[in-house]
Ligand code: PFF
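Here you get one chain, nothing else, as structure tokens; it is the form predicted on its own.
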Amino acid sequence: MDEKNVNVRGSWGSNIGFLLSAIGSAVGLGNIWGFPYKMGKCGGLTFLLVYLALAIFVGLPIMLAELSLGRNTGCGPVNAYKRISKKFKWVGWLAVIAPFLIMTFYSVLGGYCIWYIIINLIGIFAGGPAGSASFGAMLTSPIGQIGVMILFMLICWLINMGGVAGGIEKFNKVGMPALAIMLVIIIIRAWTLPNAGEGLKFMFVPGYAVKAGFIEKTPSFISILATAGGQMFFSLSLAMGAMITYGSYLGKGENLTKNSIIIVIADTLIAIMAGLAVIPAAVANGINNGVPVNEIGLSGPGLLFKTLQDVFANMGSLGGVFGVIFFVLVLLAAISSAISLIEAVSVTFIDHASAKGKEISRHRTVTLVSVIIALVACLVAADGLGENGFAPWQFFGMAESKIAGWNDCWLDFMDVWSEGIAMPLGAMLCAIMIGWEKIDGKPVFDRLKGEVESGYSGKIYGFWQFCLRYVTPIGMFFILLAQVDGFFGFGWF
């Protein structure tokens, strides 16, 4: 890679800056509301053990593969795959399409966080914030949703405009420690609520969710495997171009294996901490206010913006303070993930120009990518999770009886093609390419071996090779099937 392109693309100022940024990319909205609920409904420790096994045998190998690809080629996802094998170039495009589509709804959810920060700020001075009814009012206000979405995109745009070290790294060096501190504050407050212990039982005691009436029955092991796999994959920011891109900014002296292990452990710990903050508070508030346990609402956006908002509303003015802290925490998690996705899309065009011997402005590229994302996100925002009369099933002229998980709102429509198909398919093909593809008669493994073993004294290479050849592709195949089944409702699992 020529010197001009290095200057346009940038590099990390320090390894700790890279680590915090990579952890920030992994830690997102899925950690805050997805992990806690899925862990509870799937048997608590059973889900956690399955999740950890998948993180070790599937997540860690893919993360190490993506970081290695990025550093070895010095490119974003498309050119990284192209330099390894031209016939796999289209897999790189999957890792660009996925973050773009994700950002069209992630920016809307980030806007929701800003909306609720404002609501809770007002509540500090108004005797208490508004409760769950505010969610419906927000969804039926298309202009308001578009406004806060644009504000969220402006924040991300400003950070990405600062470059790798001056923008992304600088933000995460402050944002990630701040997120951890605020998470501890919310955990302490949640555990002081009466009946908070019921929430902890929901998360950690096998079978308790069914016994207490939170859910009807514990899912089958195959369903738990699929749920844990989908959560692990989205949570670790895999197959969405982010880790390849971040790896391309790393110096040769950094230890990829150690860094990958740290990222996986940190992301899992924060997800568990989020559960310790969110679920006990939500369950305690529901029980204390006489809400039937099966109606408390522990999943989806409603967990944060309805159930948790009722928790803060019931605290009075002090609830406004905790509401602001909580939604700033969630906003930081959303921003740290969003800026990595914008970077993955932007660097694709920078690399494309460099490959042709040209140099394009980083600022113009980031601006153009951000504007296009915001324009498409206007559709998702205005739709209001299907509340405003032009959900995909209506847009495509389908009968109401045809409503399914992939078409009930524009958010889910964008999600099915990114999280449901592009990401698990891309990861499976990444493992197959590295595990089985040969260049000039030599396995791709040989090209990346130095990246994996550099600075690491443990015996990781054989484990990595075995996982990518046999364990990871099989695991990703079933995760892909489960994702498609979940969105389209085929009833396979």
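Numbering starts at 1 and follows the sequence shown. Note that the structure is a prediction, hence the values are computed from the model and not measured.
Omitted from view is the form predicted in complex with ligand PFF, to which the following refers.
The candidate stretches are 256-264, 379-387, 275-283, 339-347, and the one lying within 4.5 Å of ligand PFF in the predicted complex by heavy atoms is 339-347.
Using a 4.5 angstroms limit between non-hydrogen atoms, residue 237 touches ligand PFF in the predicted complex.
In the predicted complex, ligand PFF sits within 4.5 Å of a heavy atom of residue 30. Contact between residue 21 and ligand PFF in the predicted complex is not found at the 4.5 Å heavy atom cutoff.
Although the partner is absent here, residue 25 lies within 4.5 Å of ligand PFF in the predicted complex, judged by heavy atoms. The listed set 75, 168, 242, 156 contains one residue whose heavy atoms approach ligand PFF in the predicted complex to within 4.5 Å, identified as 242.
The partner is absent here; in the predicted complex, the one residue of 106, 116, 202, 326 having a heavy atom within 4.5 Å of ligand PFF is 106.
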